[in-house]
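There is one chain below, alone, in structure tokens, taken in the form predicted alone.
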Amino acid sequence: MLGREGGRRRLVLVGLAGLAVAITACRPQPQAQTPGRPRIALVMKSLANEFFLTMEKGAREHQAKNAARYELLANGIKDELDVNAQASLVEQMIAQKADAIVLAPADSKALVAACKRAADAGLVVVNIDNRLDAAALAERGLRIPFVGPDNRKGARQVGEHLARTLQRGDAVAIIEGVPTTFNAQQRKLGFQDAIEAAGLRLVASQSGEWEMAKANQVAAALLGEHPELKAFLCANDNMALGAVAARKAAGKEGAVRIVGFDDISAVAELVKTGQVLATADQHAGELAVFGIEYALETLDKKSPPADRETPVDLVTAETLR
């Protein structure tokens, strides 16, 4: 039987042993920790545009098939021109600790500042759909890869298809996208390449701001100002739909041809029936996936940024048969 002093010693030893266990439990354990999935943020333009809804759907389907590889945060703005809202989305993705941002910028220059903040916070930034302005990137010392199609080449293909149905000297008009966006600039250049090569006469080039309603107003005004117009070359399909409505209202359905760009489902149906002559498919459902895969590759390999061209294909009634 232990005396009082021996009992105290035993209590002390038990207490010290318990303390040792607690200290050991608080120390970092030597076994490797399972790393979490990278968080990839997809920040798009207007989700009122079917093109970006298709893009989001493709991204979500890809993530569902690759759930073990990454987590997806997908969002977009309501208005094609709401640049501030898109910059705020980038800030939110930084705050939510995303590992990478895949961005389809609403403005080629205005989003560069937000991209700089993301890069400074350690995020990988991948640019899709609409290329960021090279001079604005250089000014901030940024190198951000562009993963997307050659918009000028795609628009030239569409314009050349249209030109084959017209005569030299015929009057045509371009309905442009937002002039501060690189893809709008490139599509306009592609249309101009085809117009000049075919000897067509460009009588007007105005912005429809990527929107159906705005393009409808522009097309209606141009049909009134230039009754000799034979065709509209529209820099996206939303604007092509606006031009189609304006043509119908003017009673010129058989006299004015219309082409677009993006291959949204509503226009694809009109291409089949000849109401829209052609559009360009830049594979909206895969475009975000190309960017996501590039971001995952960059996170894994820490590879330096480099541009990657993606497909763009002419869509006509013949190709849809």
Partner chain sequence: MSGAWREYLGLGVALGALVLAFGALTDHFLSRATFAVIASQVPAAILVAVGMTFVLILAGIDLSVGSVLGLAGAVLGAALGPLGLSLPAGLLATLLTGLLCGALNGALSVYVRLPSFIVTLGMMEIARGTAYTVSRSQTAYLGARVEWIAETTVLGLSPATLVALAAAAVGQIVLSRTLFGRYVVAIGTNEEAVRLSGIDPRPIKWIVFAASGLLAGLAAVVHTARLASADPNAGSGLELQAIAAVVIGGTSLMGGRGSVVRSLFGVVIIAVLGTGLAQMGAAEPVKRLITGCVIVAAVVIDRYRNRSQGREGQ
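Numbering follows the first chain given and starts at 1. None of these values were measured; they are calculated from a predicted model. Just so we're on the same page, rigid core means the largest C-alpha set that superposes within 1.5 Å between forms.
One more form of this protein, predicted together with the partner chain, exists but is not displayed; see below.
Three-residue candidate spot Asn49, Gln206 and Asn216; every residue lies within 4.5 angstroms of the partner chain in the predicted complex by at least one non-hydrogen atom. Screening 193 to 201, 121 to 129, 241 to 249, 93 to 101 for residues having heavy atoms within 4.5 Å of the partner chain in the predicted complex returns a single hit, 241 to 249. Distance criterion of 4.5 Å from any heavy atom to the partner chain in the predicted complex singles out Leu222 from the list Val147, Ala114, Leu222, Ile174.
Comment: the partner chain is not present in this chain, but in the predicted complex one of Met212, Leu89, Leu166, Val83 has a heavy atom within 4.5 Å of it, namely Met212. Although the partner is absent from this view, Ala266 contacts the partner chain in the predicted complex, with a non-hydrogen atom inside 4.5 angstroms. Within this chain, Gln275 lines the site of the partner chain in the predicted complex, having a heavy atom no more than 4.5 Å away. Using a 4.5 angstroms threshold between heavy atoms, Pro227 counts as touching the partner chain in the predicted complex. Taking non-hydrogen atoms only, Arg143 never approaches the partner chain to within 4.5 angstroms in the predicted complex. Core-superposed comparison between the shown form and the other one: the CA of Ala213 exceeds or equals a 2 Å shift. Leu229 shows a C-alpha shift of 2 Å or greater between the shown form and the other one [criterion: core-superposed Cα displacement of 2 Å].
Superposition on the rigid core between the shown form and the other one places the CA atom of Ile94 less than 2 Å from its counterpart.
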